[in-house]
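Okay, so here's just one chain, in structure tokens, the form predicted alone.
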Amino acid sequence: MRKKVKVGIPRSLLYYRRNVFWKKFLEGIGVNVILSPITNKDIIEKGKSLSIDESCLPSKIYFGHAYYLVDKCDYILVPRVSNYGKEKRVCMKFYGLYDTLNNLFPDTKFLVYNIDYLNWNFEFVEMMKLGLKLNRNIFRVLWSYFSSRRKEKNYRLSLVNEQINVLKSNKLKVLVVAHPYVIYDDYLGSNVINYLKEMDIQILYSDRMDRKEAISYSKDFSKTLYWLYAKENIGSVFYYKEAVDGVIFLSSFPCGVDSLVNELAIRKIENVPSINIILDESTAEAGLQTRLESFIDIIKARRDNE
């Protein structure tokens, strides 16, 4: 019996955006998927040792996750994403991941696919090439691609519908604005999310709304905002601002895009209490909780006085 190929996926960065699609696609073509563990101190320390100081914390975390997988699989999946069109460019760190890892771990095999719509590198073609590298049955690769996209779409729709139901609640509601790799990473966002849940606050997430609609609302902030994922985040603020009691911005140090965009957004949204929390590897849980307590007290007092 032929041994299955093992493909590792670092549990960081775009994993929190595309994991449903990646896992379904790879498993559909007969591959064993191996995930790195949830982020912990060891992964962070290793990632820091492999990174330059100027890298943002999620990038450092990603390198730590990749290192964990180096000797545990046949390939590591590393997408190279530049843009999804002229007005849909993403942060350059996503474009440079493959080349950086290839230099850090020259003896490791990486599975890479290129997303660069401006140069005719479309997802469908790239995933076909990747799939055929692992399984020569083109019909199985095609089936796996379309079934994976369908599952991803259904999963996204379930999150959107779940958030619509949250809006119907009479409890205090807070919108958490951050990239998925910040919100859902156990080391970065879990302290904030867990605290809000303990306080019985209803949470809305910036990534759980229709992305096209979010991009359209981002124009209320700026018609020249450059980065695609920043548009989606900020668009959610202007969509939900009348429906929430407060907005919490989470950004990772030293993300240049978030440091500018989040501060400007706070100044542009009116009559909605907001707070900007910058996370780094030395962020203390006690200090974070104190800031959140103060913020929740403010929005509770505001609700009581209405």
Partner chain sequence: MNSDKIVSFPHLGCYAVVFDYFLSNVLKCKILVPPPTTRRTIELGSKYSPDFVCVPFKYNLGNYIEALEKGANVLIQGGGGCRYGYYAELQEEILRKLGYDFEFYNLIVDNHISLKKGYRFCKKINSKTNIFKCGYYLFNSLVMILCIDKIEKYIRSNMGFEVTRGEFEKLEEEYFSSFDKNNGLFKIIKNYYRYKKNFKKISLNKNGKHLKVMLIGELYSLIDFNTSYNTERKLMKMGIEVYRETDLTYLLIGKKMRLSKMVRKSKKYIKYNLGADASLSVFNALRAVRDGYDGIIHMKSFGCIPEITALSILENIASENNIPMISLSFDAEDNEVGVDTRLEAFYDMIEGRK
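Because the structure is a prediction, the values reported are computed rather than measured. Numbering follows the first chain given and starts at 1.
Just so it is clear, the following notes concern the form predicted in complex with the partner chain, a form of the same protein that is not shown.
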So, E263 and the partner chain: in the predicted bound form, are they within 4.5 Å at any heavy atom pair? yes
Is C91 part of the interface with the partner chain in the predicted bound form - any heavy atom within 4.5 Å? yes
Indicate whether T108 is a 4.5 Å heavy atom neighbour of the partner chain in the predicted bound form. no
Give a yes or no for L35: in the predicted bound form, does one of its heavy atoms lie within 4.5 Å of a heavy atom belonging to the partner chain? no
Given that the partner chain is left out here, which of Y117, W227, Y184, Y195 has a heavy atom within 4.5 Å of it in the predicted bound form? W227
Among the candidate residues Y217, Y205, Y95, Y84, which is the single one with a non-hydrogen atom no more than 4.5 Å from the partner chain in the predicted bound form? Y95
Within 4.5 Å of the partner chain in the predicted bound form by heavy atoms, the stretch out of 136-144, 164-172, 150-158, 99-107 is 99-107
Taking the partner chain in the predicted bound form, which residues along 205-225 bring a heavy atom to within 4.5 Å of it? F221, S222, K223, T224, L225
